[in-house]
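As a starting point, one isolated chain is supplied in structure tokens, in the form predicted alone.
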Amino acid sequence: MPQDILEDLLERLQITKSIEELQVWTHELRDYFDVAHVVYHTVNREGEHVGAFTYGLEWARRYVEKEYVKIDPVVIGAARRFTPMDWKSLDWSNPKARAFAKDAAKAGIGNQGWSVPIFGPNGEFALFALNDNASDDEWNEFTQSRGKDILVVSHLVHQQAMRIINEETVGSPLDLSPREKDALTQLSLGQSRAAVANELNISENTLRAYIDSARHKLGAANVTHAVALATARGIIGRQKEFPKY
């Protein structure tokens, strides 16, 4: 995992202007670390939960509906620590915690996890975590070798999230990020999603996240509509033909 790729990722992090863009950015970070999931979570000044994650929306909704935050050993453990923690070092003996773990596994959450508790200068608390399916030896090797990078990334993600939450970033929420523009531009040339993902050096799942984010911002019904709107508004260059999806 070349360091220059991480540096490029962190440069793009600095120009995210919304939690939606941060959400999509976490997909690229997940690909870079080659793990199953990445998640960032905090609470804003109004007490609302704010997060950026690669988990499926169905699991995110279930987590909220079941109020798992009250029994999740990862959250409870993070509130009591100041240093990174391996999920297997936490107390999962409570029956509710074990039931939660089984439910999480059914939703595709991996058996390994590494979390960084973040206590900000203004009293805010946040949590950054990576999750994967791996053996204990594989996971230990990963966290040992990438621990410093994970720690640096976690605090930079929190800093940018705070800028977004406190409305310190500039730009309209309708502005597409450079990656979203790249994705629509490549698709407007008629390339397949696989080819575009390869061109941008990201996974197809991450490409899908960028496309969905761009569609949401543009109010587009599908990819063709998104390309047409972006072209009409001068966001991307005008092409002769639009892709058919």
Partner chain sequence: MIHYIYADQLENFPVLADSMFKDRAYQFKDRHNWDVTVNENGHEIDQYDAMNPLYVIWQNEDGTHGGSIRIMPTVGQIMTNDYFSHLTDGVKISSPVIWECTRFCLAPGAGPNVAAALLAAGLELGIRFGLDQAIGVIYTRTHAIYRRIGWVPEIIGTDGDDREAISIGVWDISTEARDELCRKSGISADDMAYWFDASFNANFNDESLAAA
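On a predicted model such as this, the values are computed, not experimentally measured, just so you know. Numbering follows the first chain given and starts at 1. Take the two forms, find the largest set of C-alpha atoms that superpose within 1.5 Å, and that set is the rigid core.
Keep in mind the form predicted in complex with its partner chain is missing from the figure; the text below concerns it.
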Select, from the options 160-168, 74-82, 129-137, 103-111, the stretch whose residues sit within 4.5 angstroms of its partner chain in the predicted complex by heavy atom distance. 74-82
Do V39 and its partner chain share at least one heavy atom pair within 4.5 Å in the predicted complex? no
Evaluate L151 for contact with its partner chain in the predicted complex, applying a 4.5 angstroms cut-off between non-hydrogen atoms, and reply yes or no. yes
Close approach of E28 to its partner chain in the predicted complex, 4.5 Å, heavy atom: no
Hey, in the predicted complex, does S203 get a heavy atom within 4.5 angstroms of its partner chain? yes
Is any part of 200-221 within 4.5 angstroms of its partner chain in the predicted complex by a non-hydrogen atom, and which residues would that be? I202, S203, E204, N205, T206, R208, A209, Y210, D212, S213, R215, H216, K217
Superposing on the rigid core, is the CA of E28 displaced by 2 Å or more between the shown form and the other one? no
Core aligned, does the CA of E204 move at least 2 Å between the shown form and the other one? yes
Are T54 and K181 closer or farther apart at their Cα atoms in the predicted complex than shown, with the shift being 3 Å or more? farther
Quick read on G219 and T16 CA atoms in the predicted complex, 3 Å or more from the shown distance, and they're closer
